[in-house]
Structures are given as structure tokens and as C-alpha cells.
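We begin with a single chain expressed as C-alpha cells, specifically the form predicted on its own.
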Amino acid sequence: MKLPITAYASITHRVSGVFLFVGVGLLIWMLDASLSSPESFASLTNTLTSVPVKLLLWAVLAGAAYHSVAGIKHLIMDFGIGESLEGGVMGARIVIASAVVLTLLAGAWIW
């Protein structure tokens, strides 16, 4: 059975929400470490230069980008825009394309 693009967009929106729930813990830890003391800020700065940490941060930002764009699509649909089958497919394509662009921009910012 082949799922339509709207189903993939919906499933990945839910998965990205769960991923963000965990990823926000990482971001809160980073905020705490950056504000605790000058020494912990320097340690965090050194940690953020490693490739695995950059990849993890990029993944969290990619999840946030996708989840945000898909959430905006849902808000627009709540106003009755794009509720048809064609509108749903177009909205899913726009969400995926926008998320790819935002993820690439986040990667350029991190690296």
C-alpha cells in the first residue's frame, strides 16, 4: 500500500514533535551551561565545535523547522484554506520544500 504525500507530511509532523520534545532538553541544557559561569560558557563553546554535537544541533533545528512549517500549514487549514485534496497535496509539498530550504540554511549557519 502506497501512502499519499499528505500522510507522510502528517506522520513526520508528529515524529518531529516527539523529537523536539527531547531536543528541547538539549537546548535548555545548552542555555543553562552558557549562563552558569564564564568557565561553563567556554566549555560549551569548545563542545559545540565538535562534529557530532554540530550534527545533533542541526538535527534539532531541522526538526524545529519542519514542525514549525507544518504547524503553520495546519493553522492555515484551520481557516479553511487548502482543505481539498489538491490543496492538501500542494500544502504538503510546500511544507517539505520549505523545511528542506530551512534545514539547509540552518546547516550553513551551524557550519
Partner chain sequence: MVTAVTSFGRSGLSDWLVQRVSAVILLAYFITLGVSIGDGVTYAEWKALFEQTWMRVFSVMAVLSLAAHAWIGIWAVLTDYLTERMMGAKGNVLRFVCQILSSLAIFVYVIWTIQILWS
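If you're wondering where the values come from, they're calculated on a predicted model, not measured in any experiment. Numbering follows the first chain given and starts at 1.
Not on display, but discussed next: the form predicted together with its partner chain.
Visitor: Although its partner chain is absent from this view, report whether P38 comes within 4.5 Å of it in the predicted complex, heavy atoms only.
Guide: Flag for P38 set to yes.
Visitor: When the contact criterion is heavy atoms within 4.5 Å, does I94 count as touching its partner chain in the predicted complex?
Guide: No, I94 is distant from the partner.
Visitor: Looking at the partner-bound form in the predicted complex, is T47 within 4.5 Å of its partner chain by any heavy atom?
Guide: Result no; T47 lies far from its partner chain in the predicted complex.
Visitor: Is it the case that M90, even though its partner is missing from this view, gets within 4.5 Å of its partner chain in the predicted complex, heavy atoms only?
Guide: Contact check for M90: no, nothing within 4.5 Å of its partner chain in the predicted complex.
Visitor: I have L31, S68 and D78 flagged as a candidate spot, so tell me whether each of them has a non-hydrogen atom within 4.5 Å of its partner chain in the predicted complex.
Guide: Yes, each of L31, S68 and D78 comes within 4.5 Å of its partner chain in the predicted complex.
Visitor: Even though the chain is shown alone, can you say which residues of 15-30 have a heavy atom within 4.5 Å of its partner chain in the predicted complex?
Guide: Stretch hits, in order: V18, F21, V22, V24, G25, L27, I28, W29.
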